[in-house]
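Let's start with one chain on its own, the form predicted on its own, as structure tokens.
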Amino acid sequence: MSAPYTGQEMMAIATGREVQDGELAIFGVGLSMLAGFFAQAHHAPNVRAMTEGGVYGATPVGGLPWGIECNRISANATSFTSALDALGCLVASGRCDVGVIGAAQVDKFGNVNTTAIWDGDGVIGDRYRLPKTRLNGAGGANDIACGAGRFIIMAAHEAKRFVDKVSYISSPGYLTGGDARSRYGFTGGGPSAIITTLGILRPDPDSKEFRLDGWFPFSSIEEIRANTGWNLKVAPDARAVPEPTPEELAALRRVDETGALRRK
């Protein structure tokens, strides 16, 4: 790739563009946190940022935090509370506007699996089957998916990750599509976008099936469809996503001071 930025940097910037100034936002670890703090550094200085661990109102010091309670964000936080306050009070009550989570697997209705990988379904009837590969688990992502006003999913765009149906729902999207999610009484509204290393997917307003909304300058519709495990539809107004501006890249790299993403 000849572009002066990495695919992960493009993904982080595209995700950060979704975060609006003044919102109460919760970020997961790693790339999710980078996207959120990029937004704060570039166009959303008044975003009220918090992590799953309860660190609120921080600005990273000395580079991208390594975790949700890292000294790089706890050192200058407005408040340092707990996961119970962050997830149980602010997110579960519907006060959180937006969340950003990662995914090991995601399906066409935005359901996320971070629990394990099976051959087939993880649960048959009422029996949980032993998986082929055990993953890290949901952490606070389930709480965010259930309670945030909207949430954004970040994932590397590979066919093995983008599947027709996840084998286990760790964090719910639109379940089986249509009005299925609304029947479960979740406080939050569901996933508004899946942002990947190749482009952006958004849900169809009626079916809630995710379709291609935009592709990155170094990608194409054909490449994205080839790396998606369902028959990916293309939105009528789909278009190329604008490249990062010099100002966006500078803001991102101030947050990613150690250059971790530029090595990807």
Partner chain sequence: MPPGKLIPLSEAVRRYTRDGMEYASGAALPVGSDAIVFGRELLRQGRKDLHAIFHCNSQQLNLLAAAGAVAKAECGFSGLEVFGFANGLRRAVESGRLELEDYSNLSMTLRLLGGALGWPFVPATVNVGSDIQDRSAFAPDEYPCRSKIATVTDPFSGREIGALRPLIPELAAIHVSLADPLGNTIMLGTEWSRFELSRAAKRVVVIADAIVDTACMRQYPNLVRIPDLVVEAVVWWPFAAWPQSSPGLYDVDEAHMKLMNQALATEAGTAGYLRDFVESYDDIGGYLDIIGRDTVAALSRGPTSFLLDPYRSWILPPEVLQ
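Positions refer to the first chain, counted from 1. These figures come from a predicted structure and were not determined experimentally. Note that the rigid core is defined as the largest set of C-alphas that superpose within 1.5 Å between two forms.
Beyond what is shown, the protein has a form predicted together with its partner chain; the following relates to that form.
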item	value
Its partner chain contact at residue 192 in the predicted complex, heavy atom, 4.5 Å	no
4.5 Å heavy atom contact, residue 140 and its partner chain in the predicted complex	yes
Residue 131, heavy atom within 4.5 angstroms of its partner chain in the predicted complex	yes
4.5 angstroms heavy atom contact with its partner chain in the predicted complex for residue 24	yes
Contact test, all of 65, 92 and 124, partner its partner chain in the predicted complex, heavy atom 4.5 Å	yes
Contact residue in the predicted complex, chosen from 106, 154, 87, 98 - any heavy atom within 4.5 Å of its partner chain	87
Among 194-202, 207-215, 48-56, 231-239, the region lying within 4.5 Å of its partner chain in the predicted complex by heavy atom distance	48-56
Partner contacts in the predicted complex for 217-241 (non-hydrogen atom within 4.5 angstroms of its partner chain)	none
Flag for residue 62, CA shift 2 Å or larger between the shown form and the other one after aligning core	yes
Cα-Cα trend for residue 231 and residue 123, given that in the predicted complex the distance shifts by 3 Å or more	closer
Direction of C-alpha distance change in the predicted complex, residue 142 to residue 122 (at least 3 Å)	farther
